[in-house]
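Listed next as C-alpha coordinates is one chain, alone, in the form predicted alone.
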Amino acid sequence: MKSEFFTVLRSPVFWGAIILLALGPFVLPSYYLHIATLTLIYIALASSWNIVGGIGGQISLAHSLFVGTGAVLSSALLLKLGINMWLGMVIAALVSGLMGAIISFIDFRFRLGHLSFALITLAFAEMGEIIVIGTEALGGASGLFLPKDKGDLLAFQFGSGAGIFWVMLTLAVGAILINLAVLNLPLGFYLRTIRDNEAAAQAIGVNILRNKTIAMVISAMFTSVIGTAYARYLTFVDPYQLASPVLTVEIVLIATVGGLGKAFGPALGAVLLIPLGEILRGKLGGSLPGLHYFVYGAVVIAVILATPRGLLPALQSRLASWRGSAKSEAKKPSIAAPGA
(Lines give C-alpha, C1' and ligand atoms only; values in the text may rest on other atoms or scores of the structure.)
Protein backbone atom coordinates (compact mmCIF):
# COMPACT_ATOMS: atom_id res chain seq x y z
CA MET A 1 0.00 0.00 0.00
CA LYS A 2 2.76 2.46 0.87
CA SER A 3 4.14 2.25 -2.65
CA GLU A 4 0.86 3.47 -4.19
CA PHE A 5 1.56 7.10 -3.27
CA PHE A 6 5.04 7.03 -4.78
CA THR A 7 3.79 5.04 -7.78
CA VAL A 8 1.41 7.89 -8.60
CA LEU A 9 4.14 10.46 -8.05
CA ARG A 10 6.39 8.60 -10.48
CA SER A 11 3.62 8.00 -13.01
CA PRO A 12 4.16 9.80 -16.34
CA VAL A 13 0.43 9.41 -17.01
CA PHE A 14 -0.44 11.37 -13.84
CA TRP A 15 1.94 14.23 -14.58
CA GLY A 16 1.11 14.15 -18.28
CA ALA A 17 -2.57 14.63 -17.41
CA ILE A 18 -1.70 17.57 -15.15
CA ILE A 19 0.41 19.20 -17.89
CA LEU A 20 -2.45 18.80 -20.37
CA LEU A 21 -4.87 20.32 -17.89
CA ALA A 22 -2.48 23.21 -17.27
CA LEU A 23 -2.74 24.07 -20.97
CA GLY A 24 -6.49 24.61 -20.56
CA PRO A 25 -6.37 28.45 -20.41
CA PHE A 26 -4.63 28.52 -23.80
CA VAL A 27 -7.29 26.50 -25.63
CA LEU A 28 -10.58 26.94 -23.74
CA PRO A 29 -13.01 29.83 -24.39
CA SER A 30 -13.74 31.90 -21.28
CA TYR A 31 -17.08 30.18 -20.54
CA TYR A 32 -15.57 26.70 -20.62
CA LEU A 33 -12.52 27.90 -18.69
CA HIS A 34 -14.94 29.05 -15.98
CA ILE A 35 -16.55 25.59 -15.93
CA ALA A 36 -13.12 23.97 -15.76
CA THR A 37 -12.10 26.23 -12.86
CA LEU A 38 -15.30 25.43 -10.97
CA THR A 39 -14.68 21.74 -11.57
CA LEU A 40 -11.20 22.02 -10.06
CA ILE A 41 -12.61 23.87 -7.04
CA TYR A 42 -15.10 21.09 -6.39
CA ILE A 43 -12.48 18.40 -6.97
CA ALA A 44 -10.46 20.04 -4.20
CA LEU A 45 -13.46 20.47 -1.89
CA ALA A 46 -14.84 16.96 -2.38
CA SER A 47 -11.39 15.39 -2.04
CA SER A 48 -10.80 17.32 1.17
CA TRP A 49 -14.16 16.15 2.57
CA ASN A 50 -13.31 12.58 1.50
CA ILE A 51 -10.58 12.41 4.17
CA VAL A 52 -13.26 12.57 6.85
CA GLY A 53 -16.37 11.29 5.10
CA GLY A 54 -14.93 8.66 2.76
CA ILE A 55 -11.79 7.31 4.41
CA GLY A 56 -12.91 7.97 7.98
CA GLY A 57 -16.61 7.23 7.51
CA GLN A 58 -17.70 10.36 9.42
CA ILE A 59 -20.52 11.98 7.45
CA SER A 60 -19.65 15.57 8.28
CA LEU A 61 -22.11 18.22 7.12
CA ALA A 62 -20.05 21.05 8.60
CA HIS A 63 -17.69 21.67 5.71
CA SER A 64 -19.54 24.77 4.52
CA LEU A 65 -18.48 26.18 7.89
CA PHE A 66 -14.83 25.71 6.93
CA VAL A 67 -15.32 27.04 3.39
CA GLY A 68 -17.13 30.05 4.85
CA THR A 69 -14.42 30.61 7.45
CA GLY A 70 -11.73 30.61 4.76
CA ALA A 71 -13.71 32.91 2.48
CA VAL A 72 -15.35 35.29 4.96
CA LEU A 73 -12.69 35.60 7.67
CA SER A 74 -9.74 36.15 5.33
CA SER A 75 -11.77 38.69 3.30
CA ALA A 76 -13.02 40.52 6.41
CA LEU A 77 -9.49 40.71 7.85
CA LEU A 78 -8.31 42.25 4.58
CA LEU A 79 -11.16 44.76 4.21
CA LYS A 80 -11.66 45.73 7.86
CA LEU A 81 -8.12 45.52 9.27
CA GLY A 82 -5.92 45.62 6.18
CA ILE A 83 -4.39 42.22 6.95
CA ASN A 84 -2.75 40.63 3.91
CA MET A 85 -4.94 37.88 2.49
CA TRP A 86 -2.12 35.33 2.60
CA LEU A 87 -1.89 35.83 6.35
CA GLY A 88 -5.69 35.92 6.56
CA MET A 89 -5.80 32.55 4.82
CA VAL A 90 -3.43 31.09 7.44
CA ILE A 91 -5.45 32.57 10.31
CA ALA A 92 -8.71 31.25 8.84
CA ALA A 93 -7.17 27.79 8.34
CA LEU A 94 -6.03 27.70 11.97
CA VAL A 95 -9.49 28.74 13.16
CA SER A 96 -11.07 26.06 10.95
CA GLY A 97 -8.66 23.44 12.31
CA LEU A 98 -9.60 24.41 15.87
CA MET A 99 -13.31 24.13 15.06
CA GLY A 100 -12.68 20.73 13.46
CA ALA A 101 -10.89 19.56 16.60
CA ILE A 102 -13.80 20.76 18.77
CA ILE A 103 -16.29 18.88 16.60
CA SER A 104 -14.19 15.70 16.84
CA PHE A 105 -13.98 16.06 20.64
CA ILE A 106 -17.77 16.44 20.90
CA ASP A 107 -18.18 13.33 18.76
CA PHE A 108 -15.81 11.34 20.99
CA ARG A 109 -17.12 12.76 24.29
CA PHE A 110 -20.76 11.99 23.59
CA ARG A 111 -20.21 8.87 21.47
CA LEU A 112 -22.33 10.13 18.61
CA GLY A 113 -23.54 7.64 16.03
CA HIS A 114 -23.34 8.34 12.30
CA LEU A 115 -26.75 10.05 12.15
CA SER A 116 -26.17 12.09 15.31
CA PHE A 117 -22.74 13.17 14.08
CA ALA A 118 -24.22 14.28 10.76
CA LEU A 119 -26.95 16.29 12.55
CA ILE A 120 -24.50 17.88 14.99
CA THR A 121 -22.19 18.96 12.17
CA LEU A 122 -25.19 20.28 10.23
CA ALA A 123 -26.12 22.35 13.29
CA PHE A 124 -22.58 23.78 13.38
CA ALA A 125 -22.88 24.71 9.71
CA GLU A 126 -26.26 26.39 10.27
CA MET A 127 -24.88 28.33 13.23
CA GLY A 128 -21.92 29.44 11.15
CA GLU A 129 -24.17 30.80 8.40
CA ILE A 130 -26.39 32.61 10.94
CA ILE A 131 -23.36 34.18 12.66
CA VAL A 132 -21.92 35.42 9.37
CA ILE A 133 -25.24 36.84 8.17
CA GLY A 134 -25.85 38.53 11.51
CA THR A 135 -22.38 40.03 11.96
CA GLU A 136 -21.79 43.30 10.14
CA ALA A 137 -18.02 43.08 10.62
CA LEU A 138 -18.08 39.87 8.56
CA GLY A 139 -20.15 41.45 5.80
CA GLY A 140 -23.55 40.46 7.13
CA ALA A 141 -26.26 39.49 4.69
CA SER A 142 -24.84 41.86 2.08
CA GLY A 143 -21.56 39.97 1.80
CA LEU A 144 -18.11 41.36 1.05
CA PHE A 145 -16.64 42.76 -2.16
CA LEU A 146 -12.95 42.07 -2.64
CA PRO A 147 -10.70 44.55 -4.47
CA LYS A 148 -10.28 44.05 -8.20
CA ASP A 149 -7.75 41.39 -9.06
CA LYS A 150 -4.69 43.18 -10.46
CA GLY A 151 -2.38 40.18 -10.59
CA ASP A 152 -0.39 41.10 -7.48
CA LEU A 153 0.75 37.78 -6.00
CA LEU A 154 1.85 39.41 -2.75
CA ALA A 155 -1.73 40.63 -2.31
CA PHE A 156 -3.21 37.19 -3.06
CA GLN A 157 -4.27 38.28 -6.55
CA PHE A 158 -3.68 36.04 -9.55
CA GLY A 159 -4.64 38.22 -12.47
CA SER A 160 -6.21 36.58 -15.48
CA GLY A 161 -8.49 33.58 -15.60
CA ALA A 162 -5.40 31.51 -16.32
CA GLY A 163 -3.80 32.50 -13.03
CA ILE A 164 -6.69 31.47 -10.82
CA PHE A 165 -7.18 28.33 -12.94
CA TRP A 166 -3.61 27.24 -12.17
CA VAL A 167 -4.12 28.00 -8.47
CA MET A 168 -7.23 25.79 -8.41
CA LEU A 169 -5.40 23.08 -10.36
CA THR A 170 -2.66 23.14 -7.73
CA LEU A 171 -5.22 22.86 -4.90
CA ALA A 172 -7.07 20.03 -6.65
CA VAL A 173 -3.86 18.05 -7.23
CA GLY A 174 -2.79 18.78 -3.66
CA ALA A 175 -6.09 17.49 -2.27
CA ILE A 176 -5.80 14.25 -4.28
CA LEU A 177 -2.20 13.74 -3.13
CA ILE A 178 -3.21 14.33 0.50
CA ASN A 179 -5.87 11.64 0.09
CA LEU A 180 -3.28 9.26 -1.36
CA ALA A 181 -0.86 10.04 1.46
CA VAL A 182 -3.51 9.46 4.15
CA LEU A 183 -4.60 6.20 2.53
CA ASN A 184 -1.04 4.91 2.50
CA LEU A 185 -0.06 6.03 6.00
CA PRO A 186 -0.96 4.27 9.27
CA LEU A 187 -3.52 7.07 9.74
CA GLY A 188 -5.47 5.75 6.75
CA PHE A 189 -5.43 2.19 8.11
CA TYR A 190 -6.66 3.41 11.49
CA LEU A 191 -9.40 5.55 9.91
CA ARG A 192 -10.67 2.66 7.79
CA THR A 193 -10.62 0.38 10.83
CA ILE A 194 -12.63 2.94 12.82
CA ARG A 195 -15.03 3.36 9.90
CA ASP A 196 -15.66 -0.36 9.56
CA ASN A 197 -15.92 -1.21 13.27
CA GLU A 198 -15.15 1.45 15.86
CA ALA A 199 -15.54 -0.91 18.83
CA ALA A 200 -13.14 -3.44 17.32
CA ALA A 201 -10.68 -0.66 16.48
CA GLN A 202 -10.70 0.54 20.07
CA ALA A 203 -10.31 -3.03 21.33
CA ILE A 204 -7.06 -3.48 19.39
CA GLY A 205 -5.65 -0.22 20.74
CA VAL A 206 -6.48 2.34 18.02
CA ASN A 207 -6.70 5.84 19.50
CA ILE A 208 -10.15 6.89 18.27
CA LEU A 209 -10.05 10.53 19.37
CA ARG A 210 -6.55 11.23 18.06
CA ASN A 211 -7.08 9.72 14.62
CA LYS A 212 -10.52 11.26 14.09
CA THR A 213 -9.21 14.62 15.22
CA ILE A 214 -6.17 14.50 12.92
CA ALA A 215 -8.39 13.64 9.95
CA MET A 216 -10.90 16.39 10.74
CA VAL A 217 -8.22 19.03 11.33
CA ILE A 218 -6.44 18.20 8.05
CA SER A 219 -9.73 18.27 6.17
CA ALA A 220 -10.99 21.46 7.84
CA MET A 221 -7.77 23.41 7.31
CA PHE A 222 -7.38 22.45 3.66
CA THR A 223 -11.07 23.18 3.02
CA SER A 224 -10.57 26.62 4.55
CA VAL A 225 -7.63 27.31 2.23
CA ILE A 226 -9.80 26.36 -0.74
CA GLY A 227 -12.52 28.69 0.60
CA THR A 228 -10.09 31.61 0.61
CA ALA A 229 -9.05 30.90 -2.98
CA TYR A 230 -12.70 30.47 -3.98
CA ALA A 231 -13.51 33.90 -2.54
CA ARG A 232 -10.64 35.44 -4.52
CA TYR A 233 -12.00 33.82 -7.68
CA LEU A 234 -15.56 35.08 -7.13
CA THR A 235 -14.39 38.53 -5.83
CA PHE A 236 -17.74 38.67 -3.97
CA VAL A 237 -18.17 36.72 -0.75
CA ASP A 238 -21.83 35.74 -0.60
CA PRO A 239 -22.66 34.08 2.76
CA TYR A 240 -25.72 32.43 1.23
CA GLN A 241 -23.39 30.64 -1.21
CA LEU A 242 -20.08 30.10 0.59
CA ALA A 243 -21.38 29.56 4.15
CA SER A 244 -24.57 27.67 3.32
CA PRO A 245 -24.99 24.00 4.32
CA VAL A 246 -26.30 23.47 0.79
CA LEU A 247 -22.67 23.72 -0.33
CA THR A 248 -21.79 20.76 1.91
CA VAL A 249 -24.59 18.72 0.37
CA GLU A 250 -23.10 19.39 -3.08
CA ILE A 251 -19.66 18.33 -1.86
CA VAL A 252 -21.00 15.12 -0.29
CA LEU A 253 -23.00 14.31 -3.43
CA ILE A 254 -19.93 14.72 -5.67
CA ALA A 255 -17.75 12.54 -3.45
CA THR A 256 -20.45 9.87 -3.16
CA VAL A 257 -21.15 9.71 -6.89
CA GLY A 258 -17.42 9.46 -7.62
CA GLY A 259 -16.64 6.84 -4.97
CA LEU A 260 -16.18 7.30 -1.23
CA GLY A 261 -12.81 6.50 0.27
CA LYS A 262 -11.03 6.51 -3.08
CA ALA A 263 -8.29 9.06 -3.75
CA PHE A 264 -9.54 9.78 -7.29
CA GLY A 265 -13.25 9.10 -6.64
CA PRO A 266 -14.31 12.66 -5.74
CA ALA A 267 -12.39 14.00 -8.75
CA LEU A 268 -14.34 11.72 -11.06
CA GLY A 269 -17.61 12.81 -9.46
CA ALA A 270 -16.76 16.48 -9.92
CA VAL A 271 -15.68 15.96 -13.54
CA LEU A 272 -19.13 14.51 -14.26
CA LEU A 273 -21.45 16.65 -12.14
CA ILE A 274 -20.03 20.18 -12.29
CA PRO A 275 -19.83 20.53 -16.09
CA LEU A 276 -23.19 18.75 -16.38
CA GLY A 277 -24.86 21.19 -13.98
CA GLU A 278 -23.32 24.29 -15.56
CA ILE A 279 -24.05 23.25 -19.14
CA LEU A 280 -27.65 22.29 -18.32
CA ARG A 281 -28.12 25.64 -16.59
CA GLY A 282 -26.79 27.43 -19.65
CA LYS A 283 -28.77 25.41 -22.19
CA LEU A 284 -32.07 24.82 -20.35
CA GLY A 285 -32.13 27.46 -17.62
CA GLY A 286 -33.95 30.03 -19.73
CA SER A 287 -36.40 27.72 -21.50
CA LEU A 288 -38.53 26.34 -18.69
CA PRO A 289 -37.95 27.31 -15.03
CA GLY A 290 -36.56 24.35 -13.09
CA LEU A 291 -36.10 22.09 -16.14
CA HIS A 292 -32.31 21.96 -15.79
CA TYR A 293 -32.68 20.93 -12.13
CA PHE A 294 -35.06 18.15 -13.11
CA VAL A 295 -32.71 16.81 -15.81
CA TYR A 296 -29.69 17.12 -13.49
CA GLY A 297 -31.51 15.26 -10.71
CA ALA A 298 -32.63 12.53 -13.09
CA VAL A 299 -29.05 11.99 -14.30
CA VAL A 300 -27.71 11.86 -10.73
CA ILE A 301 -30.38 9.33 -9.71
CA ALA A 302 -29.61 7.19 -12.76
CA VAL A 303 -25.87 7.23 -12.02
CA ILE A 304 -26.40 6.31 -8.37
CA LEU A 305 -28.76 3.46 -9.27
CA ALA A 306 -26.34 2.16 -11.91
CA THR A 307 -23.25 2.48 -9.67
CA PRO A 308 -24.34 2.31 -5.99
CA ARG A 309 -20.72 2.21 -4.74
CA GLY A 310 -19.65 5.10 -6.98
CA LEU A 311 -18.33 5.59 -10.48
CA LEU A 312 -14.69 4.79 -9.75
CA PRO A 313 -15.33 1.45 -7.97
CA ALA A 314 -17.69 0.48 -10.81
CA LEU A 315 -15.07 1.32 -13.43
CA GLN A 316 -12.38 -0.54 -11.49
CA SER A 317 -14.65 -3.58 -11.18
CA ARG A 318 -15.46 -3.52 -14.90
CA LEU A 319 -11.78 -3.15 -15.79
CA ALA A 320 -10.84 -6.07 -13.53
CA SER A 321 -13.58 -8.15 -15.16
CA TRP A 322 -12.28 -7.33 -18.64
CA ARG A 323 -8.73 -8.20 -17.62
CA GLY A 324 -9.92 -11.46 -16.11
CA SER A 325 -11.79 -12.34 -19.31
CA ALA A 326 -8.77 -11.48 -21.44
CA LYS A 327 -6.50 -13.71 -19.31
CA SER A 328 -9.00 -16.57 -19.49
CA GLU A 329 -9.14 -16.30 -23.26
CA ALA A 330 -5.35 -16.25 -23.46
CA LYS A 331 -5.05 -19.41 -21.33
CA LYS A 332 -7.52 -21.45 -23.41
CA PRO A 333 -5.71 -24.22 -25.34
CA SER A 334 -5.79 -23.85 -29.07
CA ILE A 335 -7.54 -26.59 -31.04
CA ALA A 336 -5.49 -27.90 -33.89
CA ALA A 337 -7.19 -28.29 -37.25
CA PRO A 338 -7.89 -31.88 -38.37
CA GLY A 339 -5.01 -33.39 -40.30
CA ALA A 340 -2.50 -30.83 -39.08
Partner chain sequence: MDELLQALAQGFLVGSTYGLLALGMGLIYSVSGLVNFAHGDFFSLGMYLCFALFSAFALDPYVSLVITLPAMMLIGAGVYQFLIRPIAGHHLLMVIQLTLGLALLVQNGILMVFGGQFERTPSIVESKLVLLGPVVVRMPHVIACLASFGIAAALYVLLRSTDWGRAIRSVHQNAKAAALMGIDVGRVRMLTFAAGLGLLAIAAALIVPGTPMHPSLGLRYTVITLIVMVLGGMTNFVGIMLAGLVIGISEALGTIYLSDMLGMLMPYLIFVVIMLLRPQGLLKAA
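Quick caveat: nothing in here was measured; it's all calculated off a predicted structure. Only the largest set of C-alpha atoms that superpose within 1.5 Å between the two forms is called the rigid core. Residue numbers count along the first chain shown, from 1.
FYI, the form predicted in complex with its partner chain isn't displayed, but the following is about it.
Visitor: Is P245 near its partner chain? Define near as a heavy atom within 4.5 Å, in the predicted complex.
Guide: Contact with its partner chain, yes.
Visitor: May I ask you to state whether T135 is within 4.5 Å of its partner chain in the predicted complex, using heavy atom distances?
Guide: Within the cut-off, so yes.
Visitor: Within 4.5 Å, heavy atoms only: does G282 come near its partner chain in the predicted complex?
Guide: Taking the distances in the predicted complex, the answer for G282 is no, it never comes within 4.5 Å of its partner chain.
Visitor: If we define contact as a non-hydrogen atom of the residue within 4.5 angstroms of the partner, is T213 a contact of its partner chain in the predicted complex?
Guide: It does not: once its partner chain is placed as it appears in the predicted complex, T213 has no heavy atom within 4.5 Å of it.
Visitor: Non-hydrogen atoms within 4.5 angstroms of its partner chain in the predicted complex: do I131, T256 and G297 all have one?
Guide: All three within 4.5 Å in the predicted complex.
Visitor: Name the stretch, out of 31-39, 57-65, 311-319, 274-282, where some heavy atom lies within 4.5 Å of its partner chain in the predicted complex.
Guide: Going through the listed ranges, the match is 57-65.
Visitor: Of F124, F156, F264, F165, which residue is found within 4.5 angstroms of its partner chain in the predicted complex when only non-hydrogen atoms are counted?
Guide: In short, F124.
Visitor: Heavy atom within 4.5 Å of its partner chain in the predicted complex: which of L177, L87, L119, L98?
Guide: Selected residue: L119.
Visitor: Quick one: once the rigid core is lined up, does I304 have its C-alpha move by 2 Å or more between this form and the one not shown?
Guide: Comparing forms between this form and the one not shown, the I304 CA shifts at least 2 Å.
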